[in-house]
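So this first bit is one chain, no partners, the form predicted on its own, shown in structure tokens.
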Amino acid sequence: MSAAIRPYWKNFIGGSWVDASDGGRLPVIDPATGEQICEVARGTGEDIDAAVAAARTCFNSRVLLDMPPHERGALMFRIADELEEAADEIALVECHDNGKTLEKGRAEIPLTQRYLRYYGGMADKLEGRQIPLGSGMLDYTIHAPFGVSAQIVPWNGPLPVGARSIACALVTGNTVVLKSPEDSPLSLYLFAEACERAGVPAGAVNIVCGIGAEAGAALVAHPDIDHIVFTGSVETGKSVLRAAAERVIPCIMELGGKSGGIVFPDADLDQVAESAAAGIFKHAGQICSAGSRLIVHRSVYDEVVARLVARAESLGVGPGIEDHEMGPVISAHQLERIVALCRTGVEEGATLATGGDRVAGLEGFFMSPTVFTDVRPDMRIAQEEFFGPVVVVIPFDDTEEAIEIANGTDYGLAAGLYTRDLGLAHRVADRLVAGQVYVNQWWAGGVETPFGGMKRSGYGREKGQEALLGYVQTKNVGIRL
């Protein structure tokens, strides 16, 4: 265990740092070693009650609503500035509780600051409209906050994902209770400390770590929440939606993907290999929009596979703190799941071009960068989400077939294509059923671009200006003068 990581972390409720109501604790495991690095307070239903009550009290006090919008924006800028103080510690905990490389851990800070400053700048620009109804009438709209926003963020990117949701909530006048991921909670505690130093009103941001089936379930079923933001698996998302349906709570849902990238024969194959490898091996493939399927024209299939396998086999895999190119997956359970699905792929008749098992000789939860070939679109490995560094390569013969394969899963989070033909790119992008389409660069986009899914990948949008509309409801005011 690194001496720089605190041995115990408390939850942040109502502006105070508190133990769990029953004194319970959760161990935090370093996925690079399999060893415990610290403990965190294990939030209970009672702790969720306290956090929701604090958020409700803050919302009802109107401390955020009565604050001029530009001042709410300035608050986001102060939080971003305060993150600088914690930058080294954030990078360290991202390596040790999340498995990120040191480079990627450091990159989380400017990304998070970018979200805060982007939405801070938008705080005074979310405008209503005036609707003409004729002489003697005045009609206008107001963007009203929902109230208490319940947020559950994933373990693969807790800091930037949590910060952007909190920022959208606060600049629109909502308050927040966030359930942090038990596998990787530490960076969000450091975010809460930045909020505290920046002067965020007590109760506006509450962060509770706990088990999903306990704290998470208690939060989404709580009778005093008004809004839910959830990122996670389809199965857990269904349970969240069932709880939300009981009280007709609006939700923003991001539920993962099985994203396919189409490689046309005119593509720059060196660039394809580089982009496709980054799209699946970054953070060991533990990204919801990872490019986990590569759909390649048969005329360049062997060339693309050879380049991708070479890239996979050249990756340095090891502990993130040593700044290897690829770190571990998050847990022993996740590693076992990925390996088991790889075995299923072999049983289905796919060919392992490289990888397929844990990395030999390393402690911790390291999965080999894996490439499958001879894959049919109906195979489980082409339909189910690995959430690991595994890409399946599927051949196609014509454009219609490629589009059919790309759209042929339950998911619709992201898709991509590689071609020099801009007309073809536009035509195919228009027909891909996905919330975002990347052309010639996986993850083309940024903080400014809306992000979200179609089909079973969920609904609602995060990132960009459009995200703010998920945190407000339109109120119409009609007046006879």
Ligand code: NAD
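In this text, residue numbers run from 1 along the sequence as written. Just so it is clear, the structure is predicted and the values come from calculations on it, not from any experiment.
In what follows, reference is made to the form predicted together with the ligand, a form of this protein that is not presented.
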Answer range among 138-146, 303-311, 196-204, 252-260 for contact with the ligand, defined in the predicted complex as heavy atoms within 4.5 Å: 252-260
4.5 Å heavy atom contact, Ser233 to the ligand in the predicted complex: yes
Heavy atom of Glu182 within 4.5 Å of the ligand in the predicted complex: yes
Partner contact for Phe387 in the predicted complex: the ligand, 4.5 angstroms, heavy atom: yes
Partner proximity in the predicted complex: Phe451 to the ligand, non-hydrogen atom cutoff 4.5 Å: yes
Contact assignment for the ligand in the predicted complex, among Ala245, Ala340, Ala360, Ala213, heavy atom within 4.5 Å: Ala213
Heavy atom within 4.5 Å of the ligand in the predicted complex - residue from Pro319, Gly408, Pro154, Gly356: Pro154
Candidate site Arg164, Cys288 and Leu413: all three near the ligand in the predicted complex by heavy atom within 4.5 Å: yes
Contacts with the ligand in the predicted complex, stretch 234-250 (heavy atom within 4.5 Å): Thr236, Ser239, Val240
